[in-house]
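A lone chain, given as structure tokens: the form predicted alone.
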């Protein structure tokens, strides 16, 4: 149990082979060091994986973890994390989700669930107030995610004789057939990246439902209520979280990316798409958006609702618009909405599916692998996605991802991935800090795990995107901040508020231009702070997370302690991945991004990766091998 509020005080191990559960020891000292969520999951994997495990082996673990703010009503706090050894990358990875499962897992009395072993046949698991029941899932086999969840809801209602309020996670055909980038779906939200759905499939686990009567307590209800009121007002008054995201969703970034040369086009051959206006947020809002929606407890409401096949469903995010738009030279917005729905229903990551597709189109064009796929041709792609999910025809190969395909057929220079994970839609040759983040990100080519420095390089602030100056230190501190936010269970979109609103509203003002000019020179100061963050023995309104954690849990948390928790999270994930072969040699990008300028007339329009990597490792206190040493791990209390 625990002396802190916000937590349920219980972590359970579920063994699918024996169908038994046991308690997992997770102390208050662990909570103080790792807070929860992704950091908690990484430490559990660090303590239990040796480096000999395989993604599809029964010895692999799945950790589903919540944060202490999940389910408490804190702003945008409905996130939960799924971590495991990834079949796409071969290293540990995590996938964050905004569905309702984390909320109901805590109502079932659990902070986290650790899953090991494997079922003999396809099963689904029901959790009710901490009690586990296994059910045969033969009748759910090959069902898509929406139908699976509808069927499970009916089964629960019939079994209990009433309407059951519960959370669910499930996989679709892609997960069952071990597509390496299969996702886990909760409601309409996806834990999309790194193939967590395929790990579920390898364990013959179709779905989990969670329900219960437990309610997380709040340490200082009055203080929390007042703090949350001020925070929500700030979120709603900020130009990004209160205007752009509610009005346009993440799709609103398409136009800004186009202006700055950041919009992946034709498999990242270019950074601008001539027909971007047909697939941007403004067009989506005017022509297709039916309503706005959002996750539980979220004041931002960034989700789009669009019509597809006579239904109103979740609309595409920025990544899907960019990668199934300009990156395959498609300007049909209605088709993108349809593909987004189809991929979610099949249980497949839209980012890796689209990135693999773009590689295949270019490989076909170059005669490396004749698949019949071509840029600009979209008529048969719905069938291709279904073939991937069922591993039929060329779908069986596309299900392996771009890294494996390029190793088999060639074309590694234009397989746009890092550590096996396909990159997000931000073309990094005009935002080299984002390029560094892609390369050094623990889980692979991820914009968020990479620190999302592009928000400073054109999508929020407007610092020089081509200079490597300061980018390594800024990348590090942004990574640590995002790690810490995720630990609490909150959405990373709230981090947009860290950039003061006036900097966004008037980007060409004198002060704004001065800040943009100065920020790249702040690297040394950032590095000093990273070494001794405890000097920040206070909190500031722009970073409200530590204060919220105190009001909710009663855990004393300063800005410095919060920063340190994020650093600890990033380092423990790196340390466990070192057991699976990660080192500086894996922190790389395809040559298209490092060797070929985006603008042939401007040699600076490429990512000077090796130069920035060396500075980044020094800033992190890692060795030249790109790994934290024993001294670093002891200093962080990991060992």
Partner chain sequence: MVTVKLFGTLRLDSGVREFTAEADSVRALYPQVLAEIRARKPDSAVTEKTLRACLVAVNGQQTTPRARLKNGDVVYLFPAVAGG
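Every value quoted in this text rests on a predicted model; they were computed, and no experiment measured them. Positions refer to the first chain, counted from 1.
One more form of this protein exists, namely the form predicted in complex with the partner chain; it is left out here, but the text below deals with it.
Which of 412-420, 315-323, 500-508, 338-346 lines the interface with the partner chain in the predicted complex (heavy atom within 4.5 Å)
Stretch with heavy atoms near the partner: 500-508.
At the 4.5 Å heavy atom threshold, is residue 563 in contact with the partner chain in the predicted complex?
Taking the distances in the predicted complex, the answer for residue 563 is no, it never comes within 4.5 Å of the partner chain.
Can any non-hydrogen atom of residue 187 be found within 4.5 angstroms of the partner chain in the predicted complex?
No, no contact at 4.5 Å.
Quick one: is residue 234 in contact with the partner chain in the predicted complex, heavy atoms, 4.5 Å cut-off?
Contact check for residue 234: no, nothing within 4.5 Å of the partner chain in the predicted complex.
Does the 4.5 Å heavy atom contact test between residue 408 and the partner chain in the predicted complex come out positive?
Result no; residue 408 lies far from the partner chain in the predicted complex.
Should the three residues 173, 385 and 401 be counted as contacting the partner chain in the predicted complex, with contact defined as a heavy atom within 4.5 Å for each?
No, none of 173, 385 and 401 comes within 4.5 Å of the partner chain in the predicted complex.
One residue of 90, 117, 520, 460 in contact with the partner chain, assessed in the predicted complex (non-hydrogen atom, 4.5 angstroms):
Of 90, 117, 520, 460, the residue with a heavy atom within 4.5 Å of the partner chain in the predicted complex is 460.
Residue (of 135, 270, 260, 155) lying close to the partner chain in the predicted complex, criterion heavy atoms within 4.5 Å:
That would be 260.
Contacts with the partner chain in the predicted complex - residues in 260-289 whose heavy atoms fall within 4.5 Å
Residues within 4.5 Å: 260, 272, 276, 277, 280, 282, 283, 285, 286, 287.
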